[in-house]
Ligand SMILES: Nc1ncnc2c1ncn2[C@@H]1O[C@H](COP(=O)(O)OP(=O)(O)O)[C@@H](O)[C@H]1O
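Below, in structure tokens: the form predicted on its own, a single chain.
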Amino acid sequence: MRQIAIYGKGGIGKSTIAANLSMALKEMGLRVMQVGCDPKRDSTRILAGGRLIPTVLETFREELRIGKDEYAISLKDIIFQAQSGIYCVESGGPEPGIGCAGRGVLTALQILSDLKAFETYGIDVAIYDVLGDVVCGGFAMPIRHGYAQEIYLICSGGFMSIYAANNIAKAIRRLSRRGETGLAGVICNSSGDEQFEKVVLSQFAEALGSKLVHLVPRSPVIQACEVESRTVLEHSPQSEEAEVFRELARQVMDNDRPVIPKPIEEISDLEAMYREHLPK
């Protein structure tokens, strides 16, 4: 089973890319499960037709754990199959102001593992949509525990998105094990200036020891599909944007050699790289 994790700055478009990637992989004939690792539980919203599905942790809290490896909940209580056939899971998190959301995510992933979710549904590809920046050790848990085997960093042309991605690369370097977990590449979710973004993100990815895998254009079609709570491949399957996500899926499936990244250590060096490509 391929285990793919999507990381990046909060609000960068991880969930949109994850959901459309899931749909493109399903089109390829693969059995796909998308796991939202965010207390907001909105990762699978457009896969579920706008529905916010119950989370693993809120369901778990409502039931009693009845043994070391036995739970009062079952897979049908926490895994929901979208109309497309994609299996959807939302980890959820602790109650507001209580506990670490990252460790809550790990608890949810452990429950899925204990209940043998991937084996039961014969999953070929699991996609983890991980909350925002790595702000605490808890959010690094999917990497540390081997759930995030192939990690993609989502960036735009904005400096702060690259800065956040570089910080995440530092966490990947600290926790990754060569051949088991690592950085698989950078994906650009364009903010509009595609020529600039291709150049600066290609150089950034190369500095990390990786590559720019694909660029997703800024598009009113993608935005309209989000409003309609559908993936681009369902709403506008003949569009150029749908083909962008199909090509992204092909690139991801052909790209199975994650590396231990070499993040840029000094922010001044990151700033210098960025300034080098700014329009004069």
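All residue numbers refer to positions in the sequence shown, first residue = 1. These numbers come from a predicted model, not from an experiment.
If you look for the form predicted together with the ligand, you will not find it shown, but the lines that follow are about it.
Peer 1: Considering non-hydrogen atoms and a 4.5 Å limit, does the ligand approach Ala249 in the predicted complex?
Peer 2: Answer no; every heavy atom of Ala249 is more than 4.5 Å from the ligand in the predicted complex.
Peer 1: Considering non-hydrogen atoms and a 4.5 Å limit, does the ligand approach Pro263 in the predicted complex?
Peer 2: Pro263: no contact with the ligand in the predicted complex.
Peer 1: Give a yes/no on whether Pro258 approaches the ligand to within 4.5 Å in the predicted complex, heavy atoms considered.
Peer 2: It does not: once the ligand is placed as it appears in the predicted complex, Pro258 has no heavy atom within 4.5 Å of it.
Peer 1: State yes or no: in the predicted complex, is some non-hydrogen atom of Ser84 no more than 4.5 angstroms from a non-hydrogen atom of the ligand?
Peer 2: Although the ligand is absent here, Ser84 would stay clear of it in the predicted complex, with no heavy atoms inside 4.5 Å.
Peer 1: Just to be sure I understand the contacts: of Arg218, Arg51, Arg61, Arg31, which is the one whose heavy atoms reach within 4.5 angstroms of the ligand in the predicted complex?
Peer 2: If I apply the 4.5 Å criterion carefully, the residue I get is Arg218.
Peer 1: Hey, of 210 to 218, 250 to 258, 53 to 61, 22 to 30, which bit sits against the ligand in the predicted complex at 4.5 Å between non-hydrogen atoms?
Peer 2: It is the stretch 210 to 218.
Peer 1: Across 1 to 37, which residues bring a heavy atom to within 4.5 Å of the ligand in the predicted complex?
Peer 2: Sequence-ordered list: Lys9, Gly10, Gly11, Ile12, Gly13, Lys14, Ser15, Thr16.
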